[in-house]
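Let's start with one chain on its own, the form predicted alone, as structure tokens.
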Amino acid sequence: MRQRSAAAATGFSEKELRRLIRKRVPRDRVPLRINVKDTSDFSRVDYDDVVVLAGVPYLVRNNEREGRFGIEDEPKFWVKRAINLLTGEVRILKWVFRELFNARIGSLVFECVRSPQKEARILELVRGRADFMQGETVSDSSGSPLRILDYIRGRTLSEITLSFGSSHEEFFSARYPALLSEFIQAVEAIRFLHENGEKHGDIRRDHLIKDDLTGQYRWIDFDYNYRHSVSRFGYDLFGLGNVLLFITGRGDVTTQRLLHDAPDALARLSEDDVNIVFKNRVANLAKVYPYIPEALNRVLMHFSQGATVYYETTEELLDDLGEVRGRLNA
């Protein structure tokens, strides 16, 4: 009786929900019981549960996963994949999750906080733009902002980068110029945010997905916000630098890897040549791959331990990357 009452309270009877579920999943995967869950607490919402948001029923599937701080495939219990039972489309449901931490880049300390309100704002700002994830914000049963996001089918920038080339030199010659051009387009998207007073907040190579349908790289996950009294966009810019280093090196070029594969290159490095954030990653890639042009390596060195000048705006970074692209394509 309790389950029937919960279903009825959403505007859908248990019989109707079962009929909708049968249209969307194989018969042997239809739940024996239809559990309609309250949306105020994501920890109580599990696989095969039904939640109703803004009058639309969703069948919850798995939790989304993400690698962070060196931990791969950590479950994000507040982010769940689900099926819109009215349309059959896959959606990502993202509940409020509070998180606060400090991030240090050289001498700069950024206070980072997870902000669903910021992500809701940006979703409105980028509505209709093909270079960002799309979605809407509704209220859960407690009145908190819950984001309903389009599911993007595609591969991350990191997966694509690692799939290119039989060697780094072959990759750099045949694939890198086009990849750099695509990265520049992604930086243009971040410039759009900055020009409108917003920050991405969590720029990483796995937060850039190439949409299988459009071929367009799209930024995802912008619910982190950060504060710093001097460097308003600095955290985003260092994130872009880390992505640039990754695609230029065709992966992270670490001191551990060089110790094993190229000890001569490791011997040429100094403390100033490593990444300002990740001290085991090489920023001065020209010392490892001498065919990397000087103009490109100058850009990379802005994100090194030895840097004395940092990028302050996306415009500055785009100007330098445009020069590099011109020389690579000459």
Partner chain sequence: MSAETNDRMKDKHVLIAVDESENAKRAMLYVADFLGGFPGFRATLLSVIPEPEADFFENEEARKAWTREQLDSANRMLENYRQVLIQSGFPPEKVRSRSCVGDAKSLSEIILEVQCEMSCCTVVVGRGHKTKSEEFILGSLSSQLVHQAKNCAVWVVE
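The structure presented is a predicted model; accordingly, all values stated were derived computationally and were not measured. Numbering follows the first chain given and starts at 1.
The form predicted together with the partner chain exists for this protein as well; it is not shown, and the discussion that follows is about that form.
Using 4.5 Å between non-hydrogen atoms, is V288 touching the partner chain in the predicted bound form?
It does not: once the partner chain is placed as it appears in the predicted bound form, V288 has no heavy atom within 4.5 Å of it.
My question is simply whether L237 lines the interface with the partner chain in the predicted bound form - judged by any non-hydrogen atom within 4.5 Å.
Although the partner chain is absent here, L237 would touch it in the predicted bound form, with heavy atoms inside 4.5 Å.
In the predicted bound form, is there a heavy atom of the partner chain that lies within 4.5 Å of any heavy atom of E111, even though the partner is absent here?
Contact with the partner chain, yes.
Though only this chain appears here, would V274 touch the partner chain in the predicted bound form if you measure heavy atom gaps against 4.5 Å?
Contact check for V274: no, nothing within 4.5 Å of the partner chain in the predicted bound form.
Looking at the partner chain in the predicted bound form, do all three of G165, F172 and R268 come within 4.5 Å of it through at least one heavy atom?
The answer is no; none of G165, F172 and R268 reaches the partner chain.
Here the chain is shown alone; which of R204, K210, R81, R232 has a heavy atom within 4.5 Å of the partner chain in the predicted bound form?
Looking at R204, K210, R81, R232 one by one, just R232 meets the 4.5 Å heavy-atom criterion.
Heavy atom within 4.5 Å of the partner chain in the predicted bound form: which of H260, R127, R153, R98 fits that? Just give me the one.
Only one listed residue qualifies here, and that residue is R98.
Since the chain is shown here on its own, which stretch among 251 to 259, 139 to 147, 156 to 164, 115 to 123 would lie within 4.5 Å of the partner chain in the predicted bound form, judged by heavy atoms?
The contacting stretch here is 115 to 123.
For 200 to 215: residues with a non-hydrogen atom within 4.5 angstroms of the partner chain in the predicted bound form?
The stretch does not touch the partner at all.
I want to verify one pair: G322 and L108. Are their C-alpha atoms nearer or more distant in the predicted bound form compared with the form I supplied, knowing the change is 3 Å or more?
Farther: G322 and L108 separate by 3 Å or more in the predicted bound form.
I want to verify one pair: L300 and A103. Are their C-alpha atoms nearer or more distant in the predicted bound form compared with the form I supplied, knowing the change is 3 Å or more?
Note: Cα gap between L300 and A103 widens in the predicted bound form.
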